[in-house]
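A lone chain, given as structure tokens: the form predicted alone.
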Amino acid sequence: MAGAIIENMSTKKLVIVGVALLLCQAFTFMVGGLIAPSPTTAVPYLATKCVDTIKHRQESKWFMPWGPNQCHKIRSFDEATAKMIEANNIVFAVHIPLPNKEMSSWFQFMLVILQFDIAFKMYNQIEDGAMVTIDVGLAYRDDTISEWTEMAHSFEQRKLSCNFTTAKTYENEGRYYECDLMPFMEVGSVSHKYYLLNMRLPVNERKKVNVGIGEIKDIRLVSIHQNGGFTQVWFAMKTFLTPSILIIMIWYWRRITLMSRPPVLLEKVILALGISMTFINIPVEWFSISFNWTWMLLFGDIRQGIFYSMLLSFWIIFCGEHLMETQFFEALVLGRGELKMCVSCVPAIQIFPERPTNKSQDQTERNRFSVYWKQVGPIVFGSFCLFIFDMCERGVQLTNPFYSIWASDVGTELAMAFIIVAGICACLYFLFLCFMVFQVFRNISGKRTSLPAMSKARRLHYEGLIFRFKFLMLVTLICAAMTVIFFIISQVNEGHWHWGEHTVQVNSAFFTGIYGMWNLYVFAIMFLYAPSHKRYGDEQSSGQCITGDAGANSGEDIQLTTTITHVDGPTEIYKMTGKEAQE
């Protein structure tokens, strides 16, 4: 009877495949750790205080902090007070990037963080719940002589969260508050060479605008963008992995369609997993180098969400289809699951009793996707909630890059609620997955008590199948755990390690290694669960009573995989786990 490749491939070839995949996995980590630079770069900026000398200022006027057409500057607000300059006429200007540098499309995105330097004054303290109103504009140009073109303009509010760590006395006046960083701007495409930010802090005492915010001394910004070198390595990986997964997916489905039966549920889910992996691999980011596609960040989030939703659903169905609900092996004789009554068949009947009709009906149900709605439904719902959360921020940022869901109390609480619920659900899912894997292992181990009744050769064969299947399940858990572990490491370490004369970029290794790991995992699943052309233990000719070794061999055909690769019956692993699909 034919089976899946994981069943019929020789141990030597299987070891070679495993070692090759392991070497590829190590290579993906080394590419990120030794070749690629750090994923992102943070550049600090101090806003320059420019003076708008025009009484009726024009909205289209832009103030440059340096260069041949730089603005009229002041050093401090004390100087502005001495010169009778109103706060509404002071413009904070920031040019991105720094002098003698250029931005590049390879940077992919630009995230800007805002921080205020606020001095303590007894007569001008920060009130509880103080909100800063910012009149901000963003402009761009691609050379140093052309005029600035407005890209976005908005009135934004940011809530101050500042602490004064010493006693609030006259002796401590002039000391600075410790203020939290605030999200300020996010642009999904860096398609221009130069950017200019002009910010005003308009004061209106009657409307309580920018009142009770303390004495602001300076505005500091931190611009974060993706490194061009990392982008090139990332694009190269996507370009290489896309045809690899696409080819193995076509090869896998072609083998499925060559069989004379329709594909079963697990085979369809494996194909869907390959499609989602191909979807996330397609390097459409190459077009962002030439086109100003500000929606690429949102599109990337959607692609990742689809893949991870499919991956989590696949694990549930993969384990569910391998769970056994009976306590005995299913007999399979002459490819029809029937035993002929004769003296020599009694031992086989004792080992493999006939299954009740309701169990067969249950197996038919287990081959339907609707059976898993209780497990897959929460995954889909959670993914949809994260999609709504992403649309509430990055969707709005397509038209207003200064918008942030964290800017308001309601938005912050909503965002934190999404993150906390997502974290709890992820932990519960992982525990549930571990429980399902434990159930599979326990059920399979329970069947080992029947193995001594088989001939030595076949017993060793099925023991090998059980080991291969358990190993694959453990690899699945390791892949899930590695993602969590490397994510934590990338958050708590300094970002790079020194290894002799080499510097290992841990964060880059995390991105490239985990990305490569999921590709290799999907590749391995489609390869190992593809139908094999190799046959093991073919049944004897039909119409004869099972006697001697022939009867033993026929009665001992048990299976671990859940793919049916022969028109007359399931594969060996599939029968072992009691998941035969009734056609």
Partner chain sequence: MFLHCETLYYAFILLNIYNFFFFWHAYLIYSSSVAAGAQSGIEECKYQFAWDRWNCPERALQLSTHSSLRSANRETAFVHAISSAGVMYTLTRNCSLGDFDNCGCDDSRNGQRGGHGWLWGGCSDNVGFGEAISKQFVDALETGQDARAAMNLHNNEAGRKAVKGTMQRTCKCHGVSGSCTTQTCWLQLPEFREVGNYLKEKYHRALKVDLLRGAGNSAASRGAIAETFSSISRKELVHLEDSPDYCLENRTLGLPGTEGRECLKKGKNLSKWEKRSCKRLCGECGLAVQERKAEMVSSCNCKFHWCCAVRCEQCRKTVTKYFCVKKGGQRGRNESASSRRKNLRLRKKH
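Keep in mind that this is a model prediction, so the values were computed, not measured. Positions refer to the first chain, counted from 1.
From this point on, the text means the form predicted together with its partner chain, which you will not see here.
The chain here is shown without its partner chain. Which stretch in 253 to 261, 408 to 416, 219 to 227, 372 to 380 comes within 4.5 angstroms of it in the model of the complex, by heavy atom distance? Result for this chain: 219 to 227.
Find out whether any non-hydrogen atom of residue 394 is located within 4.5 angstroms of its partner chain in the model of the complex, and reply yes or no. Yes.
Within 4.5 Å, heavy atoms only: does residue 51 come near its partner chain in the model of the complex? Result no; residue 51 lies far from its partner chain in the model of the complex.
Does its partner chain come within 4.5 Å of any heavy atom of residue 26 in the model of the complex? Because no heavy atom of residue 26 falls inside 4.5 Å of its partner chain in the model of the complex, the answer is no.
Though only this chain appears here, would residue 45 touch its partner chain in the model of the complex if you measure heavy atom gaps against 4.5 Å? Contact with its partner chain, yes.
Consider the chain as shown here, without its partner, and state which of 124, 239, 191, 439 has a heavy atom within 4.5 Å of its partner chain in the model of the complex. Going through each option in turn, the one that passes is 124.
Within 4.5 Å of its partner chain in the model of the complex, heavy atoms considered, which of 423, 99, 129, 243? Residue within 4.5 Å of the partner: 99.
Members of 103 to 128 lying within 4.5 angstroms of its partner chain, judged by heavy atom, in the model of the complex: Read in sequence order, the residues that approach its partner chain (within 4.5 Å, in the model of the complex) are 103, 104, 106, 107, 109, 111, 113, 115, 123, 124.
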